[in-house]
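Here's a solo chain for you in structure tokens, the form predicted on its own.
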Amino acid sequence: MDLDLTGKYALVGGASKGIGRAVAEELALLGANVIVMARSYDLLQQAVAALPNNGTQKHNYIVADNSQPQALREAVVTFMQTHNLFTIHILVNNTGGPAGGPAIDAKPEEFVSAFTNHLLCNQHLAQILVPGMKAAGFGRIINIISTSVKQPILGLGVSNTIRGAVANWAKTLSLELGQYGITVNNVLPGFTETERLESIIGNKAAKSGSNEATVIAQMKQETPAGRFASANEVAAAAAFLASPAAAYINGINLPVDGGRTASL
């Protein structure tokens, strides 16, 4: 099986911690030159220093904020020009999800903000990178979203809405770009040990009046695997989709959820 990404460049969003950082590590292990992107300069420096390196890999970082899509676009373009880099072969779109709460209670501007942070930034990055992918005859766009695109999650109204929009954007792109050797796929994490999950658990405990241990036990009971995923388990799925071995997998939603999603 060809998993070798030697010579390929990858841009990974939200890579200062959590799933994004784990994806960056897995891609580096496969030989890619990894560019990590997030808001925190200090955390990005730490992430780059910790990435696996065979001695020839060129890892780097971009400081950018998904709440400012035009500035993010300019940061990526400037980085590529500065480093004389025409092609980034792999784009991993990943950023923190919106705050929880019922859809009916959400303010309209919450939907606009989430749409900006997720879909608009994804579109900016795709428009920057797809020309180079086409020229190389190899491209991977991987979106880390949520199982809510298959089965909405109660209490995550804004997230359910925006994640669904990203999933359909990705499917549309997969139809448009497949002919150029570019695949577009979505990874759907289930309950994964991240700061985001800790926040969700805390909110559930507060609203239900129970303690966090009870909430955790209930969530694990909902999962056939009986446990939460590690960030690296989600990252492994993304890394496979980025590899040459996954060249004929295009336009899919891949749950990594221990079997929790109750649909095919």
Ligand code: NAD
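The shown structure was predicted, so the numbers you read here are calculated from the model rather than taken from an experiment. One rule holds for the numbers: they count along the sequence shown, beginning at 1.
Keep in mind that the form predicted in complex with the named molecule is missing from the display, and what follows is about it.
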* Structure fact -> Of T183, T194, N122, N186, the only residue with a heavy atom within 4.5 Å of the named molecule in the predicted bound form is T194
* Structure fact -> Partner-free chain; cross-checking the named molecule in the predicted bound form, the single residue of G96, G101, G132, G164 with a heavy atom within 4.5 Å is G96
* Could you confirm whether H59 comes within 4.5 Å of the named molecule in the predicted bound form, counting heavy atoms only? => no
* Does the named molecule come within 4.5 Å of any heavy atom of N33 in the predicted bound form? -> no
* Is there any non-hydrogen atom of I145 lying within 4.5 Å of the named molecule in the predicted bound form? -> yes
* For S16, is any heavy atom within 4.5 Å of the named molecule in the predicted bound form, or not? -> yes
* Asked: Can we say R73, G139 and A239 each have a non-hydrogen atom within 4.5 Å of the named molecule in the predicted bound form?
  -> no
* To do: Could you tell me which stretch in 50-58, 65-73, 206-214, 24-32 has residues with non-hydrogen atoms within 4.5 Å of the named molecule in the predicted bound form?
  => 65-73
* Structure fact -> Near the named molecule in the predicted bound form, with a heavy atom at 4.5 Å or closer, the residues from 28-59 are A38, R39
